[in-house]
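The data below hold one chain only, encoded as structure tokens and taken in the form predicted on its own.
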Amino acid sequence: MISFQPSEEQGQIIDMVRRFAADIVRPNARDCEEDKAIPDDLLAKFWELGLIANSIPEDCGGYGFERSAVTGALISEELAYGDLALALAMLSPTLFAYPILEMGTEEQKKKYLPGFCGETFKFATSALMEARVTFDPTDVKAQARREGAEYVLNGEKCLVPFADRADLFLVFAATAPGTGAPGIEGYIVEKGTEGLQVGEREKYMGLNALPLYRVALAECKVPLENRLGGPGGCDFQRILNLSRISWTAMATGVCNATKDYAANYAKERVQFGEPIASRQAIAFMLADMAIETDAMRFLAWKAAWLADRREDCTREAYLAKLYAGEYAARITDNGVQVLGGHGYIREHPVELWFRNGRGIEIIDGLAIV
């Protein structure tokens, strides 16, 4: 029988992250958006929760709890309910840590994972996206070739979180172009490596609080042991699936926040002697927003459940991300519509959620469960 009841441990995590999102994330989201920066003290407060160290083995300095894609999806949704850009920023270390945790060699785990168990926020990231209108994450143009005892990386990446401050990069490049996901591998590139060039900060319609950068790789050489998973490589398709699950869960958080805010506004906004929520057009719009948000959540949960069972969830993760991209744009737009002229004013957060929600359809690789 299918159960949607979280375990006791998951329930405690949900409550903790929900309070953190309400007390810390949401109140600071607008200032971070306007300032286009996230104060280090906000990142430090998130780090104190220990959510990333929880999944790291004890012999690497972590707490050794079992990692779960479902739990990761729950965390992603609750943080994004507070703010999408801050959620992506706070969880950005997982872009490097989780692939190492799941697919790294023992040497890679012992070398890199202890750094994610310290007292200060660890700046680490990954580079997947490329600046092409037709970008397909299973057909990256960045390439890696072997030369003796090294791999040589060439290509350009975009939308790389905290690239200016990151000590570690996980760069995805093709070893066999044109073969899809099986031909893509991950490479660990440390800050200061010759050929790694961090460009200017990028400017986008939304996610302004999150520092995103272009990164170029020009004959960037890394030792053979820096290939994720060693000689056997990594399962890039699973990494992509886990990323799409987290992205869908975050989209759910944004849409749920929009739906709740719009519903509360519609109940309080009185015109012609009655709340606008009592009007059929508004009521139906709010009902559709609730239905679509729940559907998005269940798609993320199903894919995450399959991932936890180590079953192929490629189809489910792809459909979840596809649905999230389309309906996040619609739901956040409806949030602006419900507020009418007020929806266009920065005094209300729905315009921010609309701008962030528009990017969900076109962005991959900025989150992982």
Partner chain sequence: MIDFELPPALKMVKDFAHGVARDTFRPIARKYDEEEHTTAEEIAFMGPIMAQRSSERRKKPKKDADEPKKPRAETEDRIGAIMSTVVGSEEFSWGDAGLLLAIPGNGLGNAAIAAVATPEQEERFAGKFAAMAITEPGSGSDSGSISTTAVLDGDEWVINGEKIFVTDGKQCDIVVVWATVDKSAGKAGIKSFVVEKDRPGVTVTKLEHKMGIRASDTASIVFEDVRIPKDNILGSPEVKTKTEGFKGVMKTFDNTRPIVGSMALGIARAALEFTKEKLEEEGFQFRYGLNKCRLGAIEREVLVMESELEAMRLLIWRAAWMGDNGRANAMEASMSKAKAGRMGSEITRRCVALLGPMGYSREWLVEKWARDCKINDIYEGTQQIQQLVVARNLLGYSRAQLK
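Residue numbers count along the first chain shown, from 1. The structure presented is a predicted model; accordingly, all values stated were derived computationally and were not measured.
If you look for the form predicted in complex with the partner chain, you will not find it shown, but the lines that follow are about it.
A.B. asks: If you check 283, 198, 224, 176 against the partner chain in the predicted complex, which one has a heavy atom within 4.5 Å?
C.D. replies: Residue within 4.5 Å of the partner: 283.
A.B. asks: 135 to 143, 188 to 196, 103 to 111, 148 to 156: which one contacts the partner chain in the predicted complex at 4.5 Å, heavy atom to heavy atom?
C.D. replies: Correct option: 135 to 143.
A.B. asks: Is residue 216 near the partner chain? Define near as a heavy atom within 4.5 Å, in the predicted complex.
C.D. replies: No, residue 216 is distant from the partner.
A.B. asks: Just checking whether residue 327 would be counted as a contact of the partner chain in the predicted complex - the rule being heavy atoms within 4.5 angstroms.
C.D. replies: Residue 327: contacts the partner chain in the predicted complex.
A.B. asks: State yes or no: in the predicted complex, is some non-hydrogen atom of residue 45 no more than 4.5 angstroms from a non-hydrogen atom of the partner chain?
C.D. replies: Residue-level check for residue 45: no, no contact with the partner chain.
A.B. asks: With the partner left out of view, is residue 65 within 4.5 angstroms of the partner chain in the predicted complex by any non-hydrogen atom?
C.D. replies: No, residue 65 sits far enough from the partner chain in the predicted complex that none of its heavy atoms falls within 4.5 Å.
A.B. asks: In the predicted complex, which residues of 293 to 326 put a heavy atom within 4.5 Å of the partner chain?
C.D. replies: Sequence-ordered list: 294, 295, 298, 299, 301, 302, 305, 309, 314, 315, 318, 319, 322, 323, 326.
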